Structure formats: structure tokens, C-alpha cells
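Here's a solo chain for you in C-alpha cells, the form predicted alone.
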């Protein structure tokens, strides 16, 4: 587990946002993985995914209080979470400010269309150079189309680890762009699903709100988090020896 925590971004959230903005302005390339305990547990079972997220080309951020708490147990000082939804909003903000382009890939067609309307309304200077739902058969072909459009930001909502592996396997085709696997963020940002109220977020209980609203997630959440706790404790005990 230590290799993940050594790599996860440890500075303040605002400094990370400034880094992203600088990369957009300078047309640099950046692949961001938003990690929670489930992400790390999937990585432990999927060697290809593990290679992708531990690659030098990949930046990992803590999307979830479980990562912050785990870091403290292992004596890694990850200061705060950087939720994927907040990151997406910040990217929209920067594209609006800098008049940069976005490609949206994933989710259902109606959700995408709602999100496009939201971006047009709230970020009128951001350029949506294209979008595609997540149900197309050949997703690599979509990345070939994205390459021709040369967007400044590419957001992929296909679920972990599919979204990250798709980005990683196509990353070398691009000379620039901020690439992020965003999971269910399109649902929230489009207004299709409500985000947790502020007091849940302030107490770092957004995960609880999601379980209340989507109880079918409980088994997956419980299993991955229990395994994560055992892994963290095991690693902590080894470090003491």
C-alpha cells in the first residue's frame, strides 16, 4: 500500500488546481486518477490497472476521506481530499476563463445532453468540441476521434477501472490535454442526481449520503472498505517491525 501513498498528491487542493491551470495554459499533458479506497483495492487485484496508476505519467489525488485517514495511519501527510466532482467544476471554470475546449465521454445520452446544456449556461466561453455516450461499442475509435479534435480537457465517465485504462492506453497519442476518469460525476454535474448536502460534505460523509440514496452500492462499498482497512493495518504493523 505504501507505493500508492508515496505517489498520491499531498499538497493543498488550491495548489493542485493552480498546477492544472498552468498545465492547461502551457498545453501540457496530465492524466489524473481520483482515488478512493475502492480504487486501491481494484488496483491490488488488477495488475494492468496498478501499472497504469503507478506510472510516472499518472497523477493520483485523494477523492475520499478514507485515503486521507489511511495516509495518516501510515505516516503520509495527505492534507485534504480533492473530490472528482469539484475537480470537474474547476476544469469547467478554467475552460470558461481561458476559452479552452472540452470533450465529454461516457454516461447515457440524455445525461450528456443535460450536462452540455449546463456547461453552455454556466460556462459560456468553454468550448465543447465533442461528446459521446458510454455505450458505443468501440471506445478506442472514439479516442482516435478525440485525438483529431485536440481538446484541452478530456473527461471520461465509464467507471473504474475501464475509464482509467482507456485513457492510459491512448495517452501517448496526445501532445496535450488534461485527462480525468470521473466516474459518476456527469450524473451530479448534469443535475440528474443530487450531490450530498454541504453538511455531509463538511463532515466528510458524502459516502454515507450516497449509500442512503443508493443502497445497492452497500455490498460493494462494504467489501472494498473492509479489505482496505485490513490492508492499511497490515502495512502499518509491518512498518512498526
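Residue numbers count along the first chain shown, from 1. Just so it is clear, the model here is predicted, and its values are computed rather than measured.
From this point on, the text means the form predicted in complex with ligand UDP, which you will not see here.
- Picking from 92-100, 135-143, 74-82, 113-121 the stretch near ligand UDP in the predicted complex, with a 4.5 Å limit on heavy atoms, gives 135-143.
- Annotated contacts: 27, 57 and 150 are all free of ligand UDP in the predicted complex [non-hydrogen atom within 4.5 angstroms].
- In terms of contact with ligand UDP in the predicted complex, the residue from 88, 126, 166, 160 that brings a heavy atom within 4.5 Å is 160.
- The shortest heavy atom separation between residue 206 and ligand UDP in the predicted complex exceeds 4.5 Å.
- Though the partner is left out of this view, residue 219 does not reach within 4.5 Å of ligand UDP in the predicted complex, counting heavy atoms only.
- The closest heavy atom approach of residue 195 to ligand UDP in the predicted complex falls outside 4.5 Å.
- A residue is said to contact a partner when one of its heavy atoms sits within 4.5 Å of a partner heavy atom; residue 37 fails this definition for ligand UDP in the predicted complex, lying far away.
- Although ligand UDP is not shown here, in the predicted complex the stretch 78-107 places heavy atoms of 106, 107 within 4.5 Å of it, in sequence order.
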